[in-house]
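Coming up are structure 1 and structure 2: the same protein chain in two forms, each one given alone as structure tokens.
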Structure 1
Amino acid sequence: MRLTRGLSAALLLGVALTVACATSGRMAPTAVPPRLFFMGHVEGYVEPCGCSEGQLGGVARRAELLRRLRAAPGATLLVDAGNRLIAAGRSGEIQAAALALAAEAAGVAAINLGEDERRLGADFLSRIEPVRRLPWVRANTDPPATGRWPGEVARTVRVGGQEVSITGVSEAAAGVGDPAAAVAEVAAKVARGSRLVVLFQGQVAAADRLARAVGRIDLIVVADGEDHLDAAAHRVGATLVVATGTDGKWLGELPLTPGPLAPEGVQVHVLTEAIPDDPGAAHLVRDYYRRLKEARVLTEAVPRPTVGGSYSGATVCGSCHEDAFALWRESGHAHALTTLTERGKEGAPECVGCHTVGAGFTGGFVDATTTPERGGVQCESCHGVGSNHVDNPTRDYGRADEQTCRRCHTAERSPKFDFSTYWPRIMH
């Protein structure tokens, strides 16, 4: 009894003291440890495509989540472990600019130059101003064939009274040096009492090896490209290793408490539909699709040749297969391009592949202005190029089955897909 009372009295006193501190505004700034937010392996993922419900991630939700998390007391720091930009060419430039502006608006303090970025090349990264000015870190990239990689070997930032040095490396591969040697060189220059954070693009096992090789590291954030919904946080000696998952589907959070960082401190915030879009970031996303459309990026790709004939289009098939055509005409497949047009996304290379017929191939869909008659999922999306069959209609053409559907009805885009329930809805 007494003990309980004593405890509650102490608790009450504690509460009262906290309130007093807060209202008098004299709470020491170091009382709340700074928090580090981490992400990585975004690989061109601007937003969920909307093909099905319940999809995760997107820059607009992430901006809103960050705003909410930062409203809590204490300083914060956002890092990105790399492999953010992936698409080349004119559409890739527009995408890279959008993703760089999103990272900048999110206040990223350091971003690792991963293998995806290396593949795009130093000239590509330097040409796009918002990309060039991102705070890239890259300790083990070989000098590029031409130009110069943007960024620097390491950056030091101050957050909530702590000094944090951040460097970036990739797993050993062609074009990159030994990550352990590169990080050891950085570690030798890091001041005592300063934290060392390594942004790592590669496998978790390789990051673990790095932790063992260079004991001085406080935290390794791994862009591992594995589709998991947790940070797989674990310790290797005194080093905490966390992984980011893919597509920026969630944001990691970790308080930078004194001493070795603990796996228990890691939190994962999944970017579900429950988080609304930040209006500014949503505007950036709309602008991205508008720019793709205005630049008519789809007309720039050189079409690949088809094998076994060419595309004829559904109307030609319908001249003989009237019943199948009539059923198809009423199906969602026939209107799949309209789905994109209604949302202003018909100019996006990442959308048209499954919502049209023959995109990227000779005689197939080019863009909504040039080839409106190739819009929608058409007969030849499932039965294959049909001109030979049109010229000489025989039965040995056009086998289609469940595997055909799964080319587009992937687990990500169509999680409810089941041939036995979907086929009856479009049977012809």
Structure 2
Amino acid sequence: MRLTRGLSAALLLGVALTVACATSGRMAPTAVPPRLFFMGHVEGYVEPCGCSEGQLGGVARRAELLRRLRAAPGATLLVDAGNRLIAAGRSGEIQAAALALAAEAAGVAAINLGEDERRLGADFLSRIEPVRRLPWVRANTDPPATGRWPGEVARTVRVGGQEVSITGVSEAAAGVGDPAAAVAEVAAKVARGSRLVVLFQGQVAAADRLARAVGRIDLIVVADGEDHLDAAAHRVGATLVVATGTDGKWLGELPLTPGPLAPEGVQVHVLTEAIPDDPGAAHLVRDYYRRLKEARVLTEAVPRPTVGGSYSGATVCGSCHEDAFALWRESGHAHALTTLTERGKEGAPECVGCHTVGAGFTGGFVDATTTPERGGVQCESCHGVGSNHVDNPTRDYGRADEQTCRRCHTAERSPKFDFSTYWPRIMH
């Protein structure tokens, strides 16, 4: 397998083949095989949060990468192995609509109905028009408690002169039937000479068992949810199995050449900062954050009770800890909410938890309009609620350490975060 961090080498190869065929009068033109692009386990990941350099993924980068890859000769087919939508409530509806519109604009030919979608329920999926009209496939999903699942058991498409049947299943669990039996039923109806692609949500080992049980499968694309930047491509008999990783950080590519598909043909295109945002998809992302803010989704959640007192705010802390307060006031932590506001993200649930104090808890941040005084990463973000300490100051209150920092400075949000470098800048 080859790992690329930008445009595929297949683009140059395709151009070279075209030139070679055109300049040789003794050679018949060689048909370029169609290419299948695959992804999965996006899990609500609209774009990198932007809090650090080096973050991967995002619908706008993916749209631009697809545009570039499709500029090469030959037909293409895009599939999604599922687990795209995760959030419920009004914010979840807005996010689901944005991700559905992005998938539709990308030209996805089939998307598996995964565990995350089943958890949201048929009624949720069906009432959001962009979600409802996506080309869902679902061969082993049990009937829902209410409503009807969108989509169909399988879809058949033609790409580059090939007929490809695509179905979707999930690993055996509550709410789904036996994936092997479901795929075998689909396989029995696939025309001779057609390819069978299975979009699978679950573990790679379970997909391998499926490949052994149903030998008719050409390709299994697994939404495995593991954090890796390779497709883990391997063969089980005549079946090629590939995995998608998590958060849509990369896009897989595979030429649909004659005969059994080979692991060596799989390429991975990592969605790095070197790939600019597609303007249309970037507009969709901005509209997503605008809709979250206008709907004031942050005010809908019922706050959880605090433990160990209540929030006092940085100003109260500063009345005793003047030096620490002065250091904090000049830090990036103090202006964390402003950072969101400048980017139009102050209404996004996925952002405010690490840019404010007490978001989601009683007495903490609600939204920028209701509780502006709780904006920024304040003292109690790291040390815990402070009212009991204000009433009875003790030295053992709220000691912060590396684990405290890593609640927000995760490998995903801050891939270059180094505790030994940053701690001295805020130590007090």
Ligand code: HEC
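Residue numbering: sequential along structure 1, first residue numbered 1. Small disclaimer: the values here were computed from a predicted structure and weren't measured. Note that the rigid core is defined as the largest set of C-alphas that superpose within 1.5 Å between two forms.
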* To do: Report the structure number, 1 or 2, for the form predicted on its own.
  => 2
* Asked: Do you see a C-alpha shift of 2 Å or more at Thr369 between structures 1 and 2, with the core held fixed?
  -> no
* To do: Keeping the rigid core fixed, work out how far the Cα of Pro393 travels between structures 1 and 2, to one decimal in Å.
  => 2.5
